[in-house]
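In the block that follows, a single chain appears as structure tokens, in the form predicted alone.
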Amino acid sequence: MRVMTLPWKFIVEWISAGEGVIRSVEKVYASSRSEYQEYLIAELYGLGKSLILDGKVQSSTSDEYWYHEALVHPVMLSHPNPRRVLVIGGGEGATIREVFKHCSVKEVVMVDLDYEVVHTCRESLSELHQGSFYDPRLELIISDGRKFVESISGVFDVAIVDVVDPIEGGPATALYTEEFYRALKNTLAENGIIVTQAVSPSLHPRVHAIIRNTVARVFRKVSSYITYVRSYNGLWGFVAGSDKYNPAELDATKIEQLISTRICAELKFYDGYTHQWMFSIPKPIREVLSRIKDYATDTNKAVLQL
């Protein structure tokens, strides 16, 4: 979906074919089209400075930490000693920012397809990355995430997939299939853990369920969980997978203990009480998860379409 910049400085973000959100643009910092996607960095009324890709808000200074802390910390704290971490996507740098808050981390490899977007975010969105691109523990690789994970094995303790939604014709659909998750598992050291963003389970519950089912074909322990992100117009979903660890099995007391001993910086959103809420899936979503049996492969990626 293209960004629509109207004469009176609004953009329209389409949620579905018949539903959209109109957002007032207060100021534009960068706007162009890369080889892969259209991007806009702008001040949006009520959301603050924001990254918009192909017409969809990805991160806003007002609430991005609700998403990035939820994405990163449950799986990082589930692993007993995460030293090497792989991040696929995360071009604005906020995901690696949260990973670097863990005292145990020695190396982070970030793989992103779009150099132009990463470079623009590094220059124009310091509010989000907060210098994380310059951390000496980071190795930034501009490459196709799928090709990268298929080329490496047995290296990482944690893998985090922070890519755009599986939109038809978009750059990320191949990063939601069984074949991709099997390749991603192969990048892990023994008893590693992964997490992927998994669209909105309230706006697109069928697709969320398919992502969960696909991860479950590869890992023995799988859990869906949620957060709320105003910028995303409601609940947002994640799926974690591992053969040994399950963040859903950690209670609030344990999370508080782990945060106090293993995280070296302030958290604005995530704590033990919040963790319990994130893994308390509402009944309508649980019903969809139990009913939908489809999963995605390289040959039937169309089932993922929003």
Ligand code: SAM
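Position 1 is the first residue in the sequence shown; the rest follow in order. Just so it is clear, the structure is predicted and the values come from calculations on it, not from any experiment.
Although it is not shown, the form predicted together with S-adenosylmethionine is what the next lines describe.
Exercise. Taking 4.5 Å between heavy atoms as the contact cutoff, choose which of Ala70, Ala240, Val57, Ala42 touches S-adenosylmethionine in the model of the complex.
Key: After the contact test, the surviving option is Val57.
Quiz item: Is the gap between Val109 and S-adenosylmethionine in the model of the complex 4.5 Å or less for some heavy atom pair?
Solution: Judged by the heavy-atom cut-off of 4.5 Å, Val109 is well away from S-adenosylmethionine in the model of the complex.
Exercise. Using the partner position in the model of the complex, report whether Gly90 sits within 4.5 Å of S-adenosylmethionine, counting heavy atoms only.
Key: Gly90 belongs to the contact set for S-adenosylmethionine.
Quiz item: Though only this chain appears here, would Asp114 touch S-adenosylmethionine in the model of the complex if you measure heavy atom gaps against 4.5 Å?
Solution: Looking in the model of the complex, residue contacts with S-adenosylmethionine include Asp114, since a heavy atom lies within 4.5 Å.
Exercise. Indicate whether Glu127 is a 4.5 Å heavy atom neighbour of S-adenosylmethionine in the model of the complex.
Key: Glu127 lies outside the contact set for S-adenosylmethionine.
Quiz item: Of the listed stretches (206 to 214, 138 to 146, 219 to 227, 181 to 189), which one has a non-hydrogen atom within 4.5 Å of S-adenosylmethionine in the model of the complex?
Solution: After filtering at 4.5 Å, what remains is 138 to 146.
Quiz item: Are there residues in 252 to 288 with a heavy atom within 4.5 Å of S-adenosylmethionine in the model of the complex, and which are they, in order?
Solution: Going through 252 to 288 in order - heavy atoms within 4.5 Å of S-adenosylmethionine in the model of the complex - there are no hits.
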